[in-house]
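One chain is shown next in structure tokens, namely the form predicted alone.
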Amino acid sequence: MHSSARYGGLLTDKYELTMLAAALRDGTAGRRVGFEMFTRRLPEARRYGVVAGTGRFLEALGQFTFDDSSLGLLEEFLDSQTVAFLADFRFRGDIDGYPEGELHFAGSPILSVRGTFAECVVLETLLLSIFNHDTAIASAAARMVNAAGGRPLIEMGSRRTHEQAAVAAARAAYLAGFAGTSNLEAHRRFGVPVLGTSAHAFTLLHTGPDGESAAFRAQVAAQGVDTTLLVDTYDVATGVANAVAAAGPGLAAVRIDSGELAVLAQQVRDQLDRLGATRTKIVVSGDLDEYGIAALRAAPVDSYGVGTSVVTGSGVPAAGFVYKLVEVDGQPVHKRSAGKQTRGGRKQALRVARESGIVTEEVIYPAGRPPAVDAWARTLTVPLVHGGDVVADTGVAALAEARERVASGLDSLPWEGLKLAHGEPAIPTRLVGGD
């Protein structure tokens, strides 16, 4: 895996460093603590979440340091003791968590971060910004993958979000089961398959009465017949005829980007078949989300291009994760704020399933004290960082494993848990033991 992302220590919020300064001054900075990342509830309309961002966070952790330029800025509001501490900062604690690609639910202890207060507190913003973004994207993408019923999806939303968020979104969508992305940086950095051919501009470039045909011939000459021709710049039926005339019946695919997609797809399929292009596939795009994809299940569509809805989490741009202190010197601590209570102590979780493999509940318990269950169950938490060293794979192979984990997780959900309609989480969460 190659990366050009830069994760300096200033990717944080000021209050984390002012807390650090106060803790260094009063002697509490070195107390051993445990923080946890979790959601109090799933976002509206979500029956499950897909953990994403683990690989990016573990990569960022090693780069989360403070250079001379950063320290110079911090001297504006921090005392010399705190600046000296940050000059030598490196996370040296332990982190356990759910593997990337694992499903999660309300209360799931996604990450457990342990070390001194000083080294754990400064990770809050970095950690939450990565996981809240990537998990929201992967969770939306997984709903789209399920709605597509096995047909491939292409992520093509780079122009609808921040340029660096676009790269992370492409990775998260691929993790959730998308076939690839249009984003070249995601291909370079994470090995995500890259896809794409042309836009309406290329057709419009070729003016004159034969302009569309000339554009198609030029594209085929450059890319061969194993390409996708965009047929809806003008009249769709004429576009299909010109596409087959330019490429022959061996044309790989045509794309429709506007109009009543279900009706047009059927008309295009009939026309392609009459022209002998029976193996030419139909790609559709144009403001699709999981509901639009589901509505096209009966149409002769072979694959989907999805942009804005996937890179914005399809209405849920953040997963809702929080990062809370749950343990100090081995003793549980609790937040009791109205509506924002936390349960103290480090926790782990089991996923319980029937013999068929369909999951029935998630059981959260005090770390190291798993309850007895009268069913098949597996532990969800795995080691990620030990003594500051990353012990989990973060490369291309790990991303492939995460894709498999998402697919397996979706297959394990009860059928009602996959519905797009609003409703209860796919499985209940049960808390046992603890204080």
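Since this is a predicted model, take the numbers as computed values, not measurements. Heads up: residue numbers just count along the shown sequence, starting at 1.
Omitted here: the form predicted together with another copy of the chain. The next part is about that form.
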Q: Kindly confirm or deny that 184, 325 and 328 each have some heavy atom within 4.5 angstroms of another copy of the chain in the model of the complex.
A: yes
(Q) Can you tell me which of 197-205, 144-152, 293-301, 351-359 lies within 4.5 Å of another copy of the chain in the model of the complex, counting heavy atoms only? (A) 197-205
Q) in the model of the complex, does residue 46 have a heavy atom within 4.5 Å of another copy of the chain? A) no
**Q.** Close approach of residue 263 to another copy of the chain in the model of the complex, 4.5 Å, heavy atom
**A.** no
Q) Any of the heavy atoms of residue 125 lying within 4.5 Å of another copy of the chain in the model of the complex? A) yes
Q. Counting only non-hydrogen atoms and a 4.5 angstroms cut-off, does residue 379 reach another copy of the chain in the model of the complex?
A. no
Q. Taking another copy of the chain in the model of the complex, which residues along 76-98 bring a heavy atom to within 4.5 Å of it?
A. 76, 77
